[in-house]
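Before any questions on binding or motion, here is one chain by itself as structure tokens, the form predicted alone.
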């Protein structure tokens, strides 16, 4: 390992970066020997170390096994800060795509029900749910209406018949993050969001038709509404241009804030402000607004997905039985109560490319899942499996109730495109039983399976480390990429 950080093995799945000068806490990586070899070239541990310099950080700077290089924080990074100890909030610890997240919908359908209609289903979804760079929606919101979305979140959509009431119960924070203030969102960000509600976007965002291939914990799967042979739908998207602009706007504010509050950092991409400061509070209010936009975005797409599938298959809503299993955030900062130093503390938990994994009986787990724990959704790449997992008590004790969020990149987008030259990726995937529709070759190339770690290995590590447990494995049948 490089001289800039040294790793100390705690056990087979945990590696510590010992605290050194400037670090307020040690770093802790959830990985194994095999995954460590990837990190030697990626240098992600350096970012884990850098995060440990943040004022008010508590216990550890953490990274999940799907970790890779990001802006300031590594993607896969988790850090909690204590407002009472000068704790800060850092946009780099939440990411540009605020509340990028994934939701899973179960159905009453089985493979024979759709096998001969899969192409038609995918084509219908591709035509009706805008995707790709700069994609725009048929919904056009006034400035006033958009601000209502930013304040109310997914209930705005349900109130206007874009979904049903129980969708909200199965969405993290009921699809509306407290503390949102649309007045803290810039006019430029608002303008970018006026015509993007109900759009998938580009990059690693997708809409996927999946087959529930294997059940590992039948009793929990039954509570989640999942069974082998069932068709499910996954939607992965975020806050689009609005969220990106919120992050960009406040990074400029934070660069001035670190000078104002005399915060010393090894990387200016970690620019931040005290949670008690006007800058910190304004960013949190804008970030929460963008998070609410993202939940509403996924809710609108969920409604259109239901409509398309009913229309293509010619079945009723009752026959389709499409119900939301859960919607989780991947890029978010949240105030949460955690046990620390022998007492309950209100901490700000940054999760960037990480998923909340609360256990059974936690008060923030929806009532329908309270007895078993929160569903954790872990998408793989478009050519491999995805997983449904469940949160654990150990995650609460070790990682502020956090686990992995996906496979994690091992190849940059430009490198992936270079590696994909001359290959007919869509045909390769079709030969493996996976239909793909995308706006262009470049999108498929950037997201080709080889660009990602093996999600099976990532999931194995978090399960062995005790952070979450496998409930079900999903196999993609049809994928829409932006």
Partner chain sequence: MRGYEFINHTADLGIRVSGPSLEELFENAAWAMFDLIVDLDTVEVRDEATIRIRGGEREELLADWLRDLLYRYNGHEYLLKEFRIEKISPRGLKARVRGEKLDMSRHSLKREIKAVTYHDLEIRKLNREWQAQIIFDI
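Positions refer to the first chain, counted from 1. Please read all numbers here as calculations on a predicted model, not as lab measurements.
As for the form predicted in complex with its partner chain, it is not shown, yet the points below apply to it.
A.B. asks: Quick one: from 192, 303, 323, 214, grab the residue that has a heavy atom within 4.5 Å of its partner chain in the predicted complex.
C.D. replies: Looking at 192, 303, 323, 214 one by one, just 192 meets the 4.5 Å heavy-atom criterion.
A.B. asks: With its partner chain left out of view, choose which of 307, 227, 267, 169 has a non-hydrogen atom within 4.5 angstroms of it in the predicted complex.
C.D. replies: Exactly one listed residue reaches within 4.5 Å, namely 267.
A.B. asks: With the partner removed from view, which of 51-59, 22-30, 427-435, 35-43 is the stretch that lies within 4.5 Å of its partner chain in the predicted complex, judged by heavy atom distances?
C.D. replies: It is 35-43 that comes within 4.5 Å of the partner.
A.B. asks: So, residue 385 and its partner chain: in the predicted complex, are they within 4.5 Å at any heavy atom pair?
C.D. replies: Judged by the heavy-atom cut-off of 4.5 Å, residue 385 is well away from its partner chain in the predicted complex.
A.B. asks: With the partner left out of view, is residue 155 within 4.5 angstroms of its partner chain in the predicted complex by any non-hydrogen atom?
C.D. replies: Heavy-atom contact with its partner chain at 4.5 Å: absent for residue 155.
A.B. asks: Would you classify residue 251 as touching its partner chain in the predicted complex, given a 4.5 Å non-hydrogen atom cut-off?
C.D. replies: Within the cut-off, so yes.
A.B. asks: With a 4.5 Å heavy atom cut-off, would you call residue 359 a contact of its partner chain in the predicted complex?
C.D. replies: Because no heavy atom of residue 359 falls inside 4.5 Å of its partner chain in the predicted complex, the answer is no.
A.B. asks: Are all three residues 72, 202 and 411 in contact with its partner chain in the predicted complex, where contact means a non-hydrogen atom within 4.5 Å?
C.D. replies: Yes, each of 72, 202 and 411 comes within 4.5 Å of its partner chain in the predicted complex.
A.B. asks: Output the sequence-ordered list of residues from 225-248 with at least one heavy atom within 4.5 Å of its partner chain in the predicted complex.
C.D. replies: Contacting residues: 240, 244, 245, 248.
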